[in-house]
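Two forms of the same protein chain are encoded below as structure tokens; each is given separately, as structure 1 and structure 2.
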Structure 1
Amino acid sequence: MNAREIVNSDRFKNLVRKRWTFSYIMLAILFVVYFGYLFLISLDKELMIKMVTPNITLGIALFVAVIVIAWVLTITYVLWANNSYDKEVEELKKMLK
């Protein structure tokens, strides 16, 4: 297959769709987590000094949670891309020859 045929193939179109669907889902989760955190802070400041454990406030716990979730999302994307996306890319590249 030549480049044009690849680009027009269903397999390639599926790959592109899958990539963006996955990306936008991850982005949506990131948005909910981060902006949810910011909204919570701006709306209820008292809530942030509730204690989750002795001496650790809810605000601190949420701070850690947002950073950890952002990191987990990034790593999830890499694992997905390495295992699923790259394989499909390699096969499509082989078809090009």
Structure 2
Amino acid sequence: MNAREIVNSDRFKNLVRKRWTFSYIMLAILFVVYFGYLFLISLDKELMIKMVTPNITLGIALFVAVIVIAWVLTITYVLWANNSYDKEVEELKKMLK
């Protein structure tokens, strides 16, 4: 198969669609978390200054949660890419000859 045939194949199109779908889902989750946090800050400041422990406010706890969720999403994407996406890319590369 040449490159043009691979690019026009259903397998390649499905792979591209799968990658974009996964990326958009991860991006949507990150936007909801991040902008949800910002909206909470702007809409209910009294809630954000409530103390959850003697030294930590709810705003700080949620900020840490936003950062942790971003890391989890990144790790999820890397694991998905390494275990699924890259394997399919390698199989498509082997078909090039």
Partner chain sequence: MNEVIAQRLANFQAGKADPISLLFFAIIVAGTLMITYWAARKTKTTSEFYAAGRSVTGFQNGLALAGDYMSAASFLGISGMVALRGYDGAIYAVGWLVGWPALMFLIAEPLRNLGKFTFADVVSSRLKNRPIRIASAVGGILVVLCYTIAQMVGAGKLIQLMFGMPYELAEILVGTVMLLYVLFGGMLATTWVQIIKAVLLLFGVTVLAGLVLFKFGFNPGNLFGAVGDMYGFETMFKPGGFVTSPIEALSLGLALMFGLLGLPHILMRFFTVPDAKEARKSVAYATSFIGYFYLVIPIVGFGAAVLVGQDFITGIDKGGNMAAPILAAALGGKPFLGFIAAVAFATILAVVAGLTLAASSAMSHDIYVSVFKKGQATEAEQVKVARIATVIFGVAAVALGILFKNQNVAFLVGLAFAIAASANFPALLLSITWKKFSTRGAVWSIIAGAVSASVCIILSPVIWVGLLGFEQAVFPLKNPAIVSMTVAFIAAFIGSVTAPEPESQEKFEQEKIRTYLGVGAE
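Residue numbering: sequential along structure 1, first residue numbered 1. Only the largest set of C-alpha atoms that superpose within 1.5 Å between the two forms is called the rigid core. Only residues modelled in both forms are compared. Remember, predicted model here, so these are calculated numbers, not experimental data.
Form predicted alone, given as structure number: Of the two forms shown, it is structure 2 that corresponds to the form predicted alone, while structure 1 does not.
Consecutive stretches, 3 or more residues long, displaced between the two structures (C-alpha shift of at least 2 Å once the core is aligned): Core-superposed, the single displaced stretch is 51-56.
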